[in-house]
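The chain below stands alone and is given as structure tokens, in the form predicted on its own.
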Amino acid sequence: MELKKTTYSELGESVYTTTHESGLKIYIMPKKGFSKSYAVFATKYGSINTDFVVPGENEVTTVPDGVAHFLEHKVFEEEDGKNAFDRFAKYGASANAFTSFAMTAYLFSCTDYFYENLDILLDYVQKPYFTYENVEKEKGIIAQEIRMYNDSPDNVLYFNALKCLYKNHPARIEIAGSVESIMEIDKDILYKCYNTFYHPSNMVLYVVGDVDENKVLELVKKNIRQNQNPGEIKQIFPHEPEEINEPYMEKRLNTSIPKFIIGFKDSEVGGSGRDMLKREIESSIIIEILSGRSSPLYKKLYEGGLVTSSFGGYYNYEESFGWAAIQGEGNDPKKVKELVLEEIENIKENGIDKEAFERQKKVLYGQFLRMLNSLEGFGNEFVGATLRGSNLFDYPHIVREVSLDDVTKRFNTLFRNDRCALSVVLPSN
């Protein structure tokens, strides 16, 4: 393995990259003088990957909802009855994992014994141990977790918004699955999904901190199986119509004030990794112009007592789907939606304010620079972008390139009344 060093002089950062014989992509970002180090070992496999064709097979494999999250739990368990957390604790590391729509990541941070902890990370993630007994035991634990999610106003609000927007796409399904779906999971399903998606060729290793890149490579050589790349995993997604599924959904839960998400289904999905990154940047700019603290809409809603200070927006996307959300709290969510749509039409008619556009570009650039100082925050974003085929270091260049015409077109494409839905959680009383 030969390391290639890329220096981003504008940002004062350098990254070493290489690809292991197995196909594993490795990124090492030295931070001389930093007391903390951080590592992420991630696979391009998340909750939406329920239908796929295993390399070398012809038939489509369909698995229950929640397998990726279930695997995340089980990978920590080891054959000797212990788990990887015990090994990390020995060397003072803070370890964790998470599953998203399209990624599962295993990670740790530490101030000492970095190489010992990296050795543990690379070792346990590649040694799954599933039995009938430990899988059945885990079902009860995860079922309890799912019930907690079902009682969480924020979680219900979020996934009800997705259920409104999407008719068939698995983004509408809870990442952990349902109590019913996880009962269908067995060790054979877990092993099949693990062997398909946890091959190093489908994974990324990212390391950042005051580390020696050559020592990192030695640990990779020691731990990573040199299996031949089996080939592309074919992802299967159901046909998703352009129109939304439902315009409105509400649920009553234990909350003191109504919560709402006004969601907009994006018709532009896929494309190259750089295209997706550009689309995210454009979307972030227009959402902030529409609903940010300095926007006329926010001032109108806040001063009118229709929303609290938590009002704001964001854009979520993966290769196969994307959506924008305007989220907040207030006693009249339907009125807020009405005023949001009015402001959207006003901006379409009168155009995006050029000063606001330039200001938001500077804000995004500043946020990126601040993120570089967060080992965990930048690391997780970097790995997610990499698995989507993007280079996160392109971000500041794209921010500079984006024009007012670009964001105007994006505004008109993303914010359409016929692709808008309202999700509301009301107080139970």
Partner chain sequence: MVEKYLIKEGINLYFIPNFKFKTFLSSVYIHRPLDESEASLNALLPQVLRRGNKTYKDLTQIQKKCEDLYGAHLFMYSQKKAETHSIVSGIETVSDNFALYKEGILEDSLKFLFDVLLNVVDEFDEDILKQEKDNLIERIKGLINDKRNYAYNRLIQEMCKNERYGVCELGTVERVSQITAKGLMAHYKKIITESPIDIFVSGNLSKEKAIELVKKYTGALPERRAQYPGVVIGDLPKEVRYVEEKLDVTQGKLSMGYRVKGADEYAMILFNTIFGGSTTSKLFLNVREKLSLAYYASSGYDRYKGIMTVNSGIEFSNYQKALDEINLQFSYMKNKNITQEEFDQAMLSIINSYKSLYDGLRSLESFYAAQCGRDMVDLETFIDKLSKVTLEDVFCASENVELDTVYFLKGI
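Numbering follows the first chain given and starts at 1. Predicted model, so just to flag it, every value in this text is computed and none were measured.
What comes next is about the form predicted in complex with the partner chain, which is not displayed.
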query = Counting only heavy atoms and a 4.5 Å cutoff, which of 261-269, 150-158, 211-219, 229-237 contacts the partner chain in the model of the complex?
reply = 150-158
task = Please pick, from 308, 168, 195, 346, the one residue with any non-hydrogen atom lying within 4.5 angstroms of the partner chain in the model of the complex.
result = 308
task = Identify, from the list 255, 284, 223, 316, the residue with a heavy atom within 4.5 Å of the partner chain in the model of the complex.
result = 255
query = All three of 7, 244 and 278 touching the partner chain in the model of the complex at 4.5 Å, heavy atom to heavy atom?
reply = no
request  = Indicate whether the partner chain has at least one heavy atom within 4.5 Å of a heavy atom of residue 335 in the model of the complex.
outcome  = no
ask   = Within a 4.5 Å heavy atom cut-off, is residue 184 in contact with the partner chain in the model of the complex?
value = no
task = Indicate whether the partner chain has at least one heavy atom within 4.5 Å of a heavy atom of residue 90 in the model of the complex.
result = yes
task = Classify residue 137 as contacting or not contacting the partner chain in the model of the complex by the rule of any non-hydrogen atom within 4.5 angstroms, answering yes or no.
result = yes
query = Looking at the partner chain in the model of the complex, which residues in 209-244 have at least one heavy atom within 4.5 Å of it?
reply = none
